[in-house]
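Encoded as structure tokens, the following chain is the form predicted alone, with no partner shown.
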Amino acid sequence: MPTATDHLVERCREVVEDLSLGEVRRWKQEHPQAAAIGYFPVYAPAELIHAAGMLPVGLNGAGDRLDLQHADARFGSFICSIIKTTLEMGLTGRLAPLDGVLFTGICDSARNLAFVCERNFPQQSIEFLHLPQNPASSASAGFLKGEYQRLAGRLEQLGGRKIDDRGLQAAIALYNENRALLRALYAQRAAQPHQMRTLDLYLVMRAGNFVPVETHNAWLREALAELASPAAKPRDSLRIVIEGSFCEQPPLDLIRLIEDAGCYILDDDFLLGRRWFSEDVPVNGDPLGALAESYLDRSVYSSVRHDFRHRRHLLLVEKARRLGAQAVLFLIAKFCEPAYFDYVLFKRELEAAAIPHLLLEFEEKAFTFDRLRTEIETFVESLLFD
């Protein structure tokens, strides 16, 4: 019999696979005077958007559910899929419910996408948030707080609602709860990976891109309660950590394939922006300052955030050891320069630590994975039955 979790996961799948942004359209019908603001991965201050009375909408491309007919004319060939499918969604009217889109400088392609969108969608407010690249600098916190203040002013202009400290503090508290629930789900999955499939966890997490944070928190609490009830039996599987999918997301069928091929996924960097802070953002009298400080000092490591105080390749090794992972699977989007640049450093440290790894490349619009299945199964068998 289907469980409550099964029904929740199916509901979340419908939300995720609806390229027309049906949940966003429904929200706007219920809030006719309010705006919806899309944000491109990896990180965006969704708290600011929420405090402005708007709906933050996470954009992660269209996966394998949209053929490219227009976007190829705006970008060259050697560009990752998420850039093109996001633009294709805009050029085919699927992003029409959005009143604006927020971008950050995660890579050259994403930076260029912001200005391509500005040229092609003049009816939408296109904003670019500059994030500090030197977290050790004494000027970084003030710079980032200034950027948040500038963005807040633009949101107030667009929505006609003042962002005050009380509203922002309430938004931070809601998103702290959201991140805490996700951390709890990830911890449960790492401790008992047979109890919740990663694909189910992923769908519940990604559905939060399209609904109010209050709704998503309720869904996460439901998923966490169901996960606490033992149901499945453990099986012989390779315990792995996935790295490299922080921006473009792998197709749903590929996530399922990895598990079916004999892997327990203990941790991953899917939808990293939803879990960007490793601990709660302080709810205090300077909420913008707290957000800026947390970005600099409470962020998880990422290939698109350079923090020379904490070396990413060493943190990956530490995470694999802490979780008891037997291997690391690099799942990198085709043409993703930040991920491939970091792979060189990750590879060196993993080999020094005697931790096996496998590198796989994907495109979000791919729909056949026979070669990848063979590679994963061979890798799993070589380690489990050596």
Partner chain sequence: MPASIPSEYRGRMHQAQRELMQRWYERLEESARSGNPPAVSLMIAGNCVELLEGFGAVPLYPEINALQLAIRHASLAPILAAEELGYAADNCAYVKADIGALLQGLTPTGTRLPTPALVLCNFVGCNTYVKWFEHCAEFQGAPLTLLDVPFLRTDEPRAEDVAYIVRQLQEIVAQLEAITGRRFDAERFREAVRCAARVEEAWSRIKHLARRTPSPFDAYFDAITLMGPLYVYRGRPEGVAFFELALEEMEAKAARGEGLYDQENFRIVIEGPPPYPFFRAFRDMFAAWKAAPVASTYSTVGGLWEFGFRHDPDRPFESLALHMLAHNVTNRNYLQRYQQIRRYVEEWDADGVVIHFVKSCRLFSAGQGDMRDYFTRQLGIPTLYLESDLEDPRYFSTAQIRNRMDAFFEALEHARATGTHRRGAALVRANGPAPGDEPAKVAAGPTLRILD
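Here the structure is a predicted model, which means the values were calculated and not measured. Residue numbers count along the first chain shown, from 1.
The same protein also exists as the form predicted together with the partner chain; that form is not shown, yet it is the one meant from here on.
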Notebook entry, point to check: Even though the partner chain is not shown here, does residue 311 get within 4.5 Å of it in the predicted bound form, heavy atoms only?
Noted result: yes
Note to self: Contact with the partner chain in the predicted bound form for residue 344, defined as at least one heavy atom pair within 4.5 Å: yes or no?
What the structure shows: yes
Checklist line | residue 159: touches the partner chain in the predicted bound form, heavy atom cutoff 4.5 angstroms | finding: no
Notebook entry, point to check: So in the predicted bound form, does residue 53 come within 4.5 Å of the partner chain, heavy atom to heavy atom?
Noted result: no
Notebook entry, point to check: Of 89, 271, 199, 107, which one comes within 4.5 Å of the partner chain in the predicted bound form, counting heavy atoms only?
Noted result: 107
Check: So which of 286, 118, 164, 253 reaches within 4.5 angstroms of the partner chain in the predicted bound form, heavy atom to heavy atom?
Finding: 118
Notebook entry, point to check: Can you say which of 312 to 320, 278 to 286, 218 to 226, 182 to 190 gets within 4.5 Å of the partner chain in the predicted bound form, counting heavy atoms only?
Noted result: 312 to 320
